[in-house]
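We've got the same protein chain twice here, in two forms, each standing alone as structure tokens: structure 1 and structure 2.
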Structure 1
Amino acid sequence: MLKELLRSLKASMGIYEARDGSIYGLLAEFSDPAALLHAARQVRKAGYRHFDAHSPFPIHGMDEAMGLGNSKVAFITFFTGTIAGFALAWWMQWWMGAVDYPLNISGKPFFALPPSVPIIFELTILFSALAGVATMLALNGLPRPYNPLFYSKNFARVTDDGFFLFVAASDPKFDPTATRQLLEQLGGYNIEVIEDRGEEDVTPATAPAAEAAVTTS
């Protein structure tokens, strides 16, 4: 029960735990953002949940196509960073200036709101920003140095001009042949089986062709 909960939590971050064997999932390439959007919508309709669309830039409408709700980043940030920064700055100035080390400067009050506003304001923003980024990284399961997807040499193009759909083997509906057929039917090509080999270095080895292209250019 707890294991299953953890599994789906990790899946929401894009970390999929294979149920059996070393098969991590199926990776298919698509020609353009529209084809990827269409495929994601259909894969979702077919009942898959552990899948993800990979693209070099965010594609408009993909969250809706994949059935993902609104991001929780803003909500969590507000209830951690924003409130913490505000409260800490207020408390710090009152406690340090009026309680622990009161100094009479030209008869000014030891603690007053107006001169405290700038620091309260700055620290609220500082803590919110840091909490926001930490929340984003936590929800995304980053940093993640090891990702079986990086075994695929083709996948290196995801940060250039490649559009990929990945269906994880951890999905209850996953079936090596049926899923492959579905991806083919949706226009996917270069379909690869990704294995979770658990090796430390996932950097793909250099292809002779790629090396030649680099040296000539």
Structure 2
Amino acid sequence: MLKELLRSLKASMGIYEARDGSIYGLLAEFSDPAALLHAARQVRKAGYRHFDAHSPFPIHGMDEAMGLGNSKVAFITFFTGTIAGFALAWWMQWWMGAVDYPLNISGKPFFALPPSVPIIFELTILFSALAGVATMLALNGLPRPYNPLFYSKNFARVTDDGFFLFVAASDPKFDPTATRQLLEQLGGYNIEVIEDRGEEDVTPATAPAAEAAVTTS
């Protein structure tokens, strides 16, 4: 139960686990953004949850097609950064002025809210910003220098003109044959089985051996 919960949590961050020790999933290429959007919507309708779409630019409607919903960054930032920063600043001003080092200045109270507002405001903003950045990195599974998709030669075109849909092997509905047939029916081509090779070096394909030099008489 706990293992499945952790697997789902990691999948929500785009971090998938290999299946049977090495099979990471299936990667299919699509001709254009509309085909990729249609494929993502149909894959989700088929019941898959551990999949991701990759394109050189954002595609309008992809979040709805993948069922991503609203971002959780603002919600988590509010409770972990905004409230924490506000409470810490309030407590720090009270403790420093009224408990740790109280000074009676012209009969003014040891702790008063008006002069404490700038510190409370600044710490609230600081903690909110730090929590927002940390939450964004965590929900995106970053930093992540290694990804098994880097072993695909075709995937290198994702920053240029390639549109790809990846279905992870960790998905409960994943079946190498049935999932491949589904991707083919949706118009996918260049379908590859991606393996997780750990930290093995990703080396580009070697160029064909040069033809033997022609000797002249």
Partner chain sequence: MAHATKDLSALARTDEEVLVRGGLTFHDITELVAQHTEKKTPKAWWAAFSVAFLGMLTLVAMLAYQVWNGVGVWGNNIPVGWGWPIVNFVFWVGIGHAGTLISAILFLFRQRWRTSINRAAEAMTIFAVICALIFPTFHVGRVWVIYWTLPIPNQMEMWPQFKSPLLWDVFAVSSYFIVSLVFWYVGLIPDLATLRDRAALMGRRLRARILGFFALGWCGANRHWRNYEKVYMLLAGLATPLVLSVHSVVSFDFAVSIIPGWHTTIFPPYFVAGAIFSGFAMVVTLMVIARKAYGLENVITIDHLEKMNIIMLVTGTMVGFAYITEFFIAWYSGVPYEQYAFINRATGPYAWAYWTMMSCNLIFPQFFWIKKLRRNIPFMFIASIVVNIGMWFERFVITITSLHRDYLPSSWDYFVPTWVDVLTLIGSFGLFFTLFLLFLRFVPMVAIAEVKGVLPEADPHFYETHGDGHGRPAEVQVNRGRSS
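Throughout, residue numbering runs from 1 along the sequence of structure 1. All values derive from a computational prediction rather than experimental measurement. Here the rigid core means the biggest group of C-alpha atoms that line up within 1.5 Å when the two forms are laid on top of each other.
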Of the two forms shown alone, the one predicted alone = 2
task = Choose from Pro33, Arg44, Arg144, Gly85 the one placed at the hinge of the motion between the two structures, with one rigid part turning against the other.
result = Arg144
Interdomain rotation between the two structures (smaller rigid part versus larger, whole °) = 15
Distance moved by the Phe110 C-alpha between the two structures (core-aligned, Å) = 11.4
